[in-house]
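Only one chain is shown below, in structure tokens, and it's the form predicted on its own.
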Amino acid sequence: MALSTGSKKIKTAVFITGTGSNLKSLIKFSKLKKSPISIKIIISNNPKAKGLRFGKIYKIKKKIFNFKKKTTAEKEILFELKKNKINLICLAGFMKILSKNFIHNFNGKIMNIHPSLLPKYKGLKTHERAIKNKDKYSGCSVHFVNSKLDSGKIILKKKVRINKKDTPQTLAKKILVQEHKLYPKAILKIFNL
């Protein structure tokens, strides 16, 4: 999907669960002239998500959905996305797995950032697993979302060296710095900019 430079920006939703540091970097990126996206809504499953404050700071609409009834929540989210004419979803530390039905019904693109070099270490505790296996490198991957966990087509990856002294916490911090750079690069790549 190529964009001509004169075209309008792609209406984007960012899904978060926690601190929203990737959300913040995506918002900053969306303000750049070269950015193909405009973030219209922040969606969270967690009313206490620290990242929701960026909605207030940057005047972006935010909505919270209760995933105890996943089917209902997903229906409501799809309705909200259609209403806001959203064509791109960026999952940024969203800790709920979207159903096949949701992915199928959202006819735009869904991207995710994952803190490992996929296909290695899908799911949780990626840093602990990389250190335990004495890997020399870990990193992060941006990929399209399909119905299998962390298995969609990879757009970009970035390697990060693991030092002997690294703990899951120090490794997570190093990788997060790269995540903030990689996500915007992956968005530019998929829109051929």
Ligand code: GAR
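Counting begins at 1, following the sequence as shown. A quick note: this is a predicted structure, and the numbers were derived from the prediction, not measured.
Below, we turn to the form predicted together with glycinamide ribonucleotide, even though it does not appear here.
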Would Ala92 count as touching glycinamide ribonucleotide in the predicted complex under a 4.5 Å heavy atom rule? yes
Can you tell me whether Gly20 touches glycinamide ribonucleotide? I mean in the predicted complex, with a 4.5 angstroms heavy atom cut-off. yes
Should Ile113 be counted as a contact of glycinamide ribonucleotide in the predicted complex, where contact means heavy atoms within 4.5 Å? yes
TL;DR on 81 to 89, 98 to 106, 113 to 121, 67 to 75: the one with heavy atoms within 4.5 Å of glycinamide ribonucleotide in the predicted complex is 113 to 121
